[in-house]
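Shown below, as structure tokens, is a lone chain in the form predicted alone; questions about how it binds or moves come after it.
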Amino acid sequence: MRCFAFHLMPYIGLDPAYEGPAWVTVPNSLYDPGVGHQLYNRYLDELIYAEELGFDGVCVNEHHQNAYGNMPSPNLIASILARQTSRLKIAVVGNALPLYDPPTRVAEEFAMIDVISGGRLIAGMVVGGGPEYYSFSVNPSYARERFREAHDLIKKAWTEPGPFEWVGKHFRIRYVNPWPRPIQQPHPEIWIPGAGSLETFEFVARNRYSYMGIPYFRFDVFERYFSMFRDACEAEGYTADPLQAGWLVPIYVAETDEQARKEYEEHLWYFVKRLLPGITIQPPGYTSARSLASILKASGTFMLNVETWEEIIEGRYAIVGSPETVADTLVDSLSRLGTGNLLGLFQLGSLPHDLTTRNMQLFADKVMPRLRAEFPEGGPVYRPPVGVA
């Protein structure tokens, strides 16, 4: 069982008069660089604090032209963490490969992070969210095939001696010869986030990578998705290891359930009502016809559609409460999902620094030991509900 502290680095302080989406077209005149300076340094402190608390790793990710996650280059943040920590795994979840031309830039930067950190990088690779294709004006109908070609090029650059020539459909490079090369051989651990695409399940299973359930869906959607991932692994002739799966979920711990709700609720609604709008933009051609039905089944359960606190708790959109409540809920959830990596989102929306760090501390002191005791051998073995084969 591995516990990671995931951070979005949101921009806090949008003008209350602004009621538009937080993605793509949100006017950058609303961005105050002075506030940004304070936030970046505050967020870095929170991620570094995770090492002191005994977390297994931290996670950062890539988004562009938005207030939801003000981290257009997670590699810059990861490089700072590589130097400022000594033990934590550093998961970049992930670089949006179709947006990089050439993708050898990803091979180089990930290798730099791995070398600086002494071999602690987890290399996340992602197709990228729909809004990113509007921000970059990349044809979304080529998203999947650009991703696959970029992945193949990066993996070859890490595992085969250079220089060599690459001639593909989307990328042509006369000399592929990256310096540096990663410390981890044959390459760093690779994570692929997904939102229900069948192609992603199959790609991850075929390559024996790790699948990360990232979006903010109701819990039963994740049960279905991880079941589909296990089925994809079985189709490849093996049983998925729990450490091949990870679940992202907002977590907030306080002394009592009542105190947790009182301290957290307003910040959660800031996230839902101010930062999520716009995230669901899907350009034509981005999703394949075969995956569309799977994704549409989950669309009505997306967190953006939630209206009440009771829905949040019942649907496990966020795990909130006393250490006992949070631990009990996570033990049950992880057993039902069979995921060996917990990606906790301990800062959400407008949650301030003092509550974020206290949340992390209570989780590390009172919840994490329980998880490690319950799941000592790498992670929870999937336990289907009664009546489910």
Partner chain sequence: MVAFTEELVDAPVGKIQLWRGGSGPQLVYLHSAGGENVNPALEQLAESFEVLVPIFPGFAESEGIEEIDGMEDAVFHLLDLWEILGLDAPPILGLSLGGWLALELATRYPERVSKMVLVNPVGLHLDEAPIAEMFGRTPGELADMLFADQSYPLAAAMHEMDAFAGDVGKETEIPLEFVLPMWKALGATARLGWDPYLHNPKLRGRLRRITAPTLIVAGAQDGLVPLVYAETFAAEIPGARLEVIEGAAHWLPFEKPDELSALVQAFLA
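Computed from a predicted model, the values in this text were never measured in an experiment. Numbering follows the first chain given and starts at 1.
This protein has a second form, the form predicted in complex with its partner chain, left out of what is shown; the following refers to that one.
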Option from 234-242, 126-134, 79-87, 110-118 whose residues, in the predicted complex, bring a heavy atom within 4.5 Å of its partner chain: 126-134
Touches its partner chain in the predicted complex: Q282 (any heavy atom, 4.5 Å): yes
4.5 Å heavy atom contact, S73 to its partner chain in the predicted complex: no
is_contact(N305, its partner chain) in the predicted complex, heavy atom dist at most 4.5 Å: yes
Partner proximity in the predicted complex: K169 to its partner chain, non-hydrogen atom cutoff 4.5 Å: yes
G196, P140, P193, P182 - the one with a heavy atom within 4.5 Å of its partner chain in the predicted complex: P140
The single option of E145, D220, E310, E160 touching its partner chain in the predicted complex, heavy atom within 4.5 Å: E145
Heavy atom of each of G13, A17 and V35 within 4.5 Å of its partner chain in the predicted complex: no
